[in-house]
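Below you'll find only one chain, the form predicted on its own, shown as structure tokens.
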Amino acid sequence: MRECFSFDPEYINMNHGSYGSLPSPVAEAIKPYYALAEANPDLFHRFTSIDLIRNVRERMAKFIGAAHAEEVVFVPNASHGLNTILRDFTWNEGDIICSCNTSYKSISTTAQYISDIPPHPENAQFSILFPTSHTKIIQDWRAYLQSLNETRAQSARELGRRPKIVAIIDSIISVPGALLPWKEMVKICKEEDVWSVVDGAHSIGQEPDLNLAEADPDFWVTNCHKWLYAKRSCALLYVPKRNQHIIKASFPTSHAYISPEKRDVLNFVEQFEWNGTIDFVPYISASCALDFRAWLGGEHVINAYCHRIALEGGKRLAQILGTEIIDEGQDFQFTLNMVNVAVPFPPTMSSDFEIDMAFRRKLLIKKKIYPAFFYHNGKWWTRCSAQVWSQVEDFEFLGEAILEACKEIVREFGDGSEEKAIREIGKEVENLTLKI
């Protein structure tokens, strides 16, 4: 399978989840479209690409289980799609936008930005701390939304109108790379009259048998250039017809924009067909990616292999590092094709971003292998992506590289015990001062 990708022969890609990896057959399949674009740019952009992308949208709508092709459009990436949704809501005083402590950073900061500007909706945050379980997340989510509803009820009495609550839900968290019970969370949103905005950046190509008409989120976005093998950047924005009035304008605003009070028909699709000159071939490549995946054996064959390697490789990596997989105690219910393994650092180790940068330098540049690293709930973890080219031996090589890097990082940065001692002394001095 490595021969189907254009990797440096010395490089072992264990971070496919961040940027995706373009198969060589897909790269070859899209060359004729680039030729068409350059042969007659006017014809390609005004007619050919629009017709091609409409055909691809219809195919992608069926693939994700949308009820209608008109509910699916292309956007450059998941962050772009989520920003389009969140900024198209008409925010009012008393409204609540809810993200999570594990939300992708640019999305949680988008929620913060929306809260920072008038009319300043409240920015609430739901907390998930691993290790945990799907059952606990569902219970906590219901209780959390009910608490937000109590806040809303109080605001409604004061304002004389009922504010809205918009919840951002990950289908698969970026870090930790963990599958959430997102369908159940969407259902609870409906029960509690909360808008559900699903960040499915990692879903398509990693979650087989998607059926959005059945799951019925209010909004859903996914990246096709990650697990589906499309050319980056390529993402799908799904908005069921009942909610398309919320998306008043694409970003950037399209020539097809019509003021809501003058809009007698929905023109959701038309707004996203053209809102500026970009490379449209990545959108077309999504169909080529589906062809390649069918050639590989289809969704279940691909994901069965990747899931098996994630589990076997993760267990072997944890064995080498002397640590554990993040959801080992919950029968790996969070693990699809990304596995999260604890890094063997002292518990006092710093959470500073410089530690992550040190891993990048030591592994990506020196060892030519790289997974993602992140700090969560008092520990450092590594997130490894298993793909069709992955083998358990890759995890073994990675384990030895991480052990070596950890020793070097502790020597360079210290184990954090001095900082902890200083903080404790500071607290003692503060307490003494208060007493005096």
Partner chain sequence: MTSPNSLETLTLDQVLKPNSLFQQSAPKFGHDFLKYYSFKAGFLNLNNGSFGALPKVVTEACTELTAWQEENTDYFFRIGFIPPLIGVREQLAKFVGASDVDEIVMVANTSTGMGVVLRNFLWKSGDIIIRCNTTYATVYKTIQYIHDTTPGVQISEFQLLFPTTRKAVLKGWQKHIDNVKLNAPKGSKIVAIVDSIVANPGASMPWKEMVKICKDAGIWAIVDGAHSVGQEPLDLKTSGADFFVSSAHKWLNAKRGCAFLWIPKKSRDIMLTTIPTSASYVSPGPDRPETNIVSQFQYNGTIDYTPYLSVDYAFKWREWVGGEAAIHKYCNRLAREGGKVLARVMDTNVMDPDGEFTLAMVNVVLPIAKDLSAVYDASIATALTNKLLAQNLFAVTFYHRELWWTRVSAQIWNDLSDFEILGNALVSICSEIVAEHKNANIPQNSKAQSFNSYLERPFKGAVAHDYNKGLGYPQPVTATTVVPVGYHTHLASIRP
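These numbers come from a predicted model, not from an experiment. Residue numbers count along the first chain shown, from 1.
Form predicted in complex with the partner chain: not shown, discussed below.
Hey, of 399-407, 374-382, 28-36, 59-67, which bit sits against the partner chain in the model of the complex at 4.5 Å between non-hydrogen atoms? It is 28-36 that comes within 4.5 Å of the partner.
Might Ile117 be said to contact the partner chain in the model of the complex, defining contact as any heavy atom within 4.5 Å? Yes, Ile117 sits close enough to the partner chain in the model of the complex that at least one of its heavy atoms falls within 4.5 Å.
Is Arg242 part of the interface with the partner chain in the model of the complex - any heavy atom within 4.5 Å? No.
With a 4.5 Å heavy atom cut-off, would you call Tyr19 a contact of the partner chain in the model of the complex? Answer yes; at least one heavy atom of Tyr19 falls within 4.5 Å of the partner chain in the model of the complex.
Quick one: is Gly329 in contact with the partner chain in the model of the complex, heavy atoms, 4.5 Å cut-off? Contact check for Gly329: no, nothing within 4.5 Å of the partner chain in the model of the complex.
Residues Asn13, Glu270 and Arg360 are flagged as a possible site; in the model of the complex, is every one of them within 4.5 Å of the partner chain by some non-hydrogen atom? Yes, all three are in contact.
Tell me, out of Gln139, Asn101, Thr277, Gln333, which residue has a non-hydrogen atom within 4.5 angstroms of the partner chain in the model of the complex. Contact check passes for Thr277.
Position in contact with the partner chain when the complex is considered in the model of the complex, options Ser174, Ser287, Ser196, Asn83, heavy atoms within 4.5 Å: Exactly one residue meets the criterion: Asn83.
Heavy atom within 4.5 Å of the partner chain in the model of the complex: which residues of 24-50 meet that condition, in order? Contacting residues: Tyr34, Leu36, Ala37, Glu38, Ala39, Asn40, Pro41, Asp42, Leu43, His45, Arg46, Phe47, Thr48, Ile50.
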